[in-house]
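Heads up, the chain below is alone and in the form predicted alone; it's given as structure tokens.
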Amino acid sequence: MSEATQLREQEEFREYCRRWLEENRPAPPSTTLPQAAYEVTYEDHRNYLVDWQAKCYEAGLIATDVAREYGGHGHRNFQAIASAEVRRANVPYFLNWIGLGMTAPTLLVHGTEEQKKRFLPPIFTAAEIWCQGFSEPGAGSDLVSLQTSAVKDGDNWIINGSKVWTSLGALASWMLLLARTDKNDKYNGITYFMAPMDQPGVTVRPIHKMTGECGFNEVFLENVIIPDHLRVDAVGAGWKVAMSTLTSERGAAAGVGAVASSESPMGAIHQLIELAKRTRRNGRAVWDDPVWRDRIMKIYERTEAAVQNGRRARISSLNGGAMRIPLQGKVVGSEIGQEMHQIALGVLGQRSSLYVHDKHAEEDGRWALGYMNTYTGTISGGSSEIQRNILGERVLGLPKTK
């Protein structure tokens, strides 16, 4: 296929995505959705979002580039277009973001043919929701210290331990699970499993955050039986597979359509600008104050740069080697979001203390709620400090600290 033909087909697909999303935009749910998919806990929200994701999959906006034998649509270089248009359209997010953003990319690289054919299609349709069982009470950012054990028993593994900060744990059918199979080998003693959540010995308890939400959970595993055919890759290869999963989670992989938040970065910036224009202080709009306008324009510039870097990341020749641009995405995006919400609270001044469901709160307290939720982004998937270590070691080639 010539480059001109490919570009023409991509543009036609972009127009198709925009038209379909406009014509099939779902009606709002009966109650307001949480700001992001990881906070969904109610069954009515689950049903609404599962139905929406299934429709988007049928329309070709999910698993766009995945081979047809695994339930995909068999295109090439179309998924980034579909995902960008979903974000631009400001439609509901995809509930099964862990399945789409972590499980599917991991299985496409490390899974067997049987695992791909069995697990990928219900991920795409959200028929089976996934959660991630990596972090533990004593092993968060220091993931290699995990202690959940897996002991071989014939054709099965017996799992004992606990996981924490498990998004969607209360709704999930399956968990991506890391467990230690060799206590004497720190890195090569970890094995990667797919664990069914609906079996004896699995207990899920919600964790209530300062926002009042409880999308995170603790998961306790007591003599849980996992058949060996649910192991991903070789025994002891769990650390290698986990790094593949985390590469996807941190935004440095193409993915198959994960969109965990319906708000685009530039969309949020424009809403911040509108907030500054309608908020008055000392007889004039905050936007007319040069100090506040300068702060907003600086975060605007950083956001635009991050968006353009996202475009560059899809072209390998512009990446600068060592995945320099993609590996920046998580730390840059999460910190921009946090600063943006911090500026919004400054614009609101004393009114920033008014929270969700207060009739006097600006936009139902969305900026205060959003600011507290931004700490999820700067901690989960490896804290900002961990991300900077990764950039220093893998991109800049700096030595590891002892």
Ligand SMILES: Cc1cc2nc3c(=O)[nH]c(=O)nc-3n(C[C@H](O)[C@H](O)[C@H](O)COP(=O)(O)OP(=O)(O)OC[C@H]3O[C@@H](n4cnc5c(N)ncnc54)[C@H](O)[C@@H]3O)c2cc1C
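These figures come from a predicted structure and were not determined experimentally. Numbers for residues come from their place in the sequence shown, where the first is 1.
We do not show the form predicted together with the named molecule, though everything after this point is about it.
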Among 138-146, 106-114, 75-83, 270-278, the region lying within 4.5 Å of the named molecule in the model of the complex by heavy atom distance:
138-146
Given that the partner is absent here, does Q10 sit within 4.5 Å of the named molecule in the model of the complex, heavy atoms only?
no
Taking heavy atoms only, is F124 within 4.5 angstroms of the named molecule in the model of the complex?
no
Does at least one non-hydrogen atom of I386 fall within 4.5 angstroms of the named molecule in the model of the complex?
yes
Under a 4.5 Å heavy atom criterion, is T166 part of the interface with the named molecule in the model of the complex?
yes
In this chain shown alone, the residue from F216, W287, Y93, W174 with a heavy atom within 4.5 Å of the named molecule in the model of the complex is F216
Using a 4.5 Å cut-off on heavy atoms, which residues of 123-137 contact the named molecule in the model of the complex?
Q132, G133, F134, S135
